[in-house]
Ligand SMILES: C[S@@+](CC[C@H](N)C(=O)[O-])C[C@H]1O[C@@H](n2cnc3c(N)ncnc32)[C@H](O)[C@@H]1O
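Here we start with a single chain on its own, the form predicted on its own, put down as structure tokens.
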């Protein structure tokens, strides 16, 4: 969803380039080089952070112009592959060790979210991690904007779509699929930005 919005956003090339706090948190889980897939890599800042730590990274995004830009700019890095694709329609691929999703699951429908979580479980290696940071229903902009018809808890706000996850229901969904919850919280402090400190969901689930 919102492909045109994000194409325009990243065309400006003025988004934050430092790795997110979530990427730094996830990096501490990884004791050896891993095969990482990122869903919705945006300007590539977290994917590049993982690659520079020695991990092998496949960074997926639907914004074709941004993927072309990143592929050209960082072509000298042999352990990162920028892939133009819709991550809600991925086929099976070789298994990977970690799936990284920051601020992407709230950009898709509830059914797409469930499909992605099932795909994650089916394609992760045993003991692999699914790492998620996302807006939930305690987020400060929940219910702001125009409600999306036939999609509970989804709104158009600041010119693009967001769907706010229920923390308990999301954790239950992951467990039902077969994941073990390694860490889960919904609180402030995860992603402060421009003087604001909103409430987000952070979950690390593991395939056992």
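Since the structure is predicted, the reported quantities are computational estimates derived from the model, not experimental observations. Numbering follows the first chain given and starts at 1.
There is another form of the same protein, the form predicted together with the named molecule; it is not shown, and what comes next is about it.
The candidate spot formed by 134, 137 and 186 is out of contact with the named molecule in the predicted complex: none of the three has a heavy atom within 4.5 Å. Proximity to the named molecule in the predicted complex, defined as a heavy atom within 4.5 Å, singles out one entry of 26, 70, 63, 37, which is 63.
Exactly one of the stretches 173-181, 142-150, 26-34, 40-48 approaches the named molecule in the predicted complex with heavy atoms within 4.5 Å, and it is 40-48. The closest heavy atom approach of residue 115 to the named molecule in the predicted complex falls outside 4.5 Å. In the predicted complex, at least one heavy atom of residue 104 sits within 4.5 Å of the named molecule. The shortest heavy atom separation between residue 123 and the named molecule in the predicted complex exceeds 4.5 Å. Although the partner is absent here, residue 129 lies well away from the named molecule in the predicted complex, with no heavy atom inside 4.5 Å. Taking the named molecule as positioned in the predicted complex, none of the residues of 133-164 brings a heavy atom within 4.5 Å of it.
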